[in-house]
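There is one chain below, alone, in structure tokens, taken in the form predicted alone.
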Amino acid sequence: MPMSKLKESLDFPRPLTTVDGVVFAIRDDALHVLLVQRAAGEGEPFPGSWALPGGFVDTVRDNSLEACAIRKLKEKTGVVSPYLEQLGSWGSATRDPRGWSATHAYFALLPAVPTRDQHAADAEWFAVTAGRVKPKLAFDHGDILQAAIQRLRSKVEYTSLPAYLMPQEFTLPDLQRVYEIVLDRVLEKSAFRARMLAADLIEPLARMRKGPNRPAQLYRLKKAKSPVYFARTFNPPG
């Protein structure tokens, strides 16, 4: 069948297709998520409300959903995330007042919070408290954020995902603190240290961090394309 005929045979109503990103970073000793404020123009759904960064798939520029997620992330933060994972899909006839829509959500981890000059003017970081953020989110983005937080915390129990939230150089207490922030509980110091060193995840640098107490060994993340999986989870305090 000629391509023109094939296209004619596919002429049916199509849903609006978007990609949304849940972007996490550590800021002020707390887990934060990046939100964008929607335009207040006439005809805009949820005008002035906060939402997850994202937008419509561009069939010319985006050759995949992941490519769209990467593009949208860079537009809003000015950087490329070292970790990006597909979270799931949400779709219905009622989630967007403009019509039947489906969104494909990703979550990303950033090792540092971009400065105001780097991220879009309409974007702000919000602290995650008790699994939520303060503003009510547009569309069904509150449900998507909840799913992302649950996915992140679940995977942190048995993987090295928090390492993607770390700066280039850090100490073992720094890394443990990021784990504790994400899990929202304290971890046992010696057991954590033993697990991190045995995982072949980090490597020591030839210098120490000086401070008011004794110098602390600095580490960096080894080059890895995927997170390390642990044989067992971090046991909660009994």
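Since the model is a prediction, treat every value here as computed from it, not as a measurement. So that there is no doubt, residue numbering starts at 1 and follows the sequence shown.
Only in words, not in the display: the form predicted together with another copy of the chain, which the text now covers.
At the 4.5 Å threshold, heavy atoms of E42 reach another copy of the chain in the predicted complex.
For G88, a non-hydrogen atom is located within 4.5 Å of another copy of the chain in the predicted complex, even though that partner is not displayed. Among heavy atoms of R14, some come within 4.5 Å of another copy of the chain in the predicted complex. When contacts are judged by a 4.5 Å heavy atom cut-off, Y158 counts as touching another copy of the chain in the predicted complex. Picking from 160 to 168, 139 to 147, 93 to 101, 126 to 134 the stretch near another copy of the chain in the predicted complex, with a 4.5 Å limit on heavy atoms, gives 93 to 101. This chain appears without its partner; in the predicted complex, the one residue of I26, L34, V57, L175 with a heavy atom within 4.5 Å of another copy of the chain is V57. This chain is displayed alone, yet in the predicted complex one of I181, M196, L187, L65 has a heavy atom within 4.5 Å of another copy of the chain; that residue is L65.
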